[in-house]
Structures are given as C-alpha cells and as structure tokens.
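A lone chain, given as structure tokens: the form predicted on its own.
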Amino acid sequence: MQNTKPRVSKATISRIPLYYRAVVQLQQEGVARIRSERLSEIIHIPSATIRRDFSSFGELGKSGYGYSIATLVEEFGQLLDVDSSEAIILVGVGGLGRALLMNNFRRNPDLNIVMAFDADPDKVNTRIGGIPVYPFATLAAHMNPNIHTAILAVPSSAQTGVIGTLEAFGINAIMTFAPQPVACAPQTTIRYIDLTSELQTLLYTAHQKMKVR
C-alpha cells in the first residue's frame, strides 16, 4: 500500500520544538484556542508558515476557528516523544560543556545528561552540576547499551575521532558544536550547531528589517 502522507520538511521539523514550547506555555496560562496570527506574534514565525507547518500533520484546526491548544500539545508532544526519557552523554566539559551540565535541560525532564567525558586530567573524576565527569579513555567502562545520544563540545580537530569512538559504542544521534561536517556511519544522525552562523543570520535579518523602515 502506498504511503500518501506528505513528507515533512527539515525546516518544519526544526520548528516543532518551538511550537511545542509555546503551546505548553499557553496551556499553562489557561488558553484554550489560538489563531495562527496570534501564535505568529508570540513566536515570531509568519502565520502562513505556521499554517503550512501544521497542515503537514493533518487537520489540527479549522479556518476561522483556530487551533485547539490541547490538540497541539498532544500532537507535538507525541512527535517529540516527550513521555520517553532520553539519557544523554556529554563529551567536552570546557566552558560550553560546563554550562550544559549545570543547566541539564531543567525545563525538559525527558532529556537528561547522565554523565560526561573529557581528556583533561584536571576536569575528570569530578562532578559538575551533580553529573560525573570521566576520562574519555574510559568510555567503554561506563557506556550503557540503552544510551544512543551524545552532545559534543569539543574542538573541530578532535571531532572526527570522538564521533568514530562514540559510534563504536552504539551512539547514533549526535549534536555537536563543532560546525565542520565529518563522515559518519549511515545509521548515525549528526546535528551541527554553528553559533557563528546563527549569529550572522540574526544580524543579517535585523539589518534587513532596519532597511525597510
């Protein structure tokens, strides 16, 4: 049987967590329904984009009636699998890594960094934010077969070797702050977070808005 469900674009997928966070907040505030125009004002995404994104997941609302907040919370929560806990390891506990450990997704209880690794003797065998930091060389001794997700806060020069080692121990979902793409196994998904590019995009957008005034 042919699957007639439309493909969801990567751009739409990237916006789902933002939608989910917004509608959960609205639900906590007692809001029952919302129109795309109002949601656009809250999250600064064009209303046409919101309607197009939402249509990718079926009939979430009706024209002139808006969207049920409870329906959106349920739909996006299922898409993000928020009822399942995801154990995560962190590699690299420099400034950025340390900040991640101290925060540890406190607003998202389904996401939890359970241990961290580093190669610096001064940083290992300690605890940061209550999370143990081990030598990266001892990864095999601490890995759990149920852990498949890692965050990397290591230099670009170390990224290829670290990813290869993680893949050998079953890690197949990796978010890295080193923006240089690297080769990986077909079953591995890597998300590159380039803070410089994000800032440049922000500044470009802000400057364009200033020009049209």
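All of these numbers come straight from a predicted model, not from anything done at the bench. We call the rigid core the largest set of C-alpha positions that still match within 1.5 Å between the two forms. Residue indices: 1-based, along the sequence shown.
What comes next is about the form predicted together with a further copy of the same chain, which is not displayed.
Trainee: Can you say which of 65-73, 174-182, 159-167, 30-38 gets within 4.5 Å of a further copy of the same chain in the predicted bound form, counting heavy atoms only?
Mentor: Result for this chain: 174-182.
Trainee: Heavy atom to heavy atom, is Ile42 within 4.5 Å of a further copy of the same chain in the predicted bound form?
Mentor: Contact with a further copy of the same chain, yes.
Trainee: So in the predicted bound form, is a further copy of the same chain close enough to Asp122 to count as touching (4.5 Å, heavy atoms)?
Mentor: Flag for Asp122 set to no.
Trainee: Can you work out whether Phe105 and a further copy of the same chain are in contact in the predicted bound form, taking contact to mean some heavy atom pair no more than 4.5 Å apart?
Mentor: Yes, Phe105 sits close enough to a further copy of the same chain in the predicted bound form that at least one of its heavy atoms falls within 4.5 Å.
Trainee: Under a 4.5 Å heavy atom criterion, is Gly95 part of the interface with a further copy of the same chain in the predicted bound form?
Mentor: Yes.
Trainee: Check each residue of 69-83 against a further copy of the same chain in the predicted bound form and list those with a heavy atom within 4.5 Å, in sequence order.
Mentor: Those in contact are Leu79, Leu80, Asp81.
Trainee: Can a Cα shift of no less than 2 Å be assigned to Ile13 between this form and the one not shown, given superposition on the rigid core?
Mentor: For Ile13, whose C-alpha is compared between this form and the one not shown after core superposition, the shift is less than 2 Å.
Trainee: Aligning on the rigid core, do we see the C-alpha of Gln25 shift 2 angstroms or more between this form and the one not shown?
Mentor: No; that C-alpha moves by less than 2 Å between this form and the one not shown.
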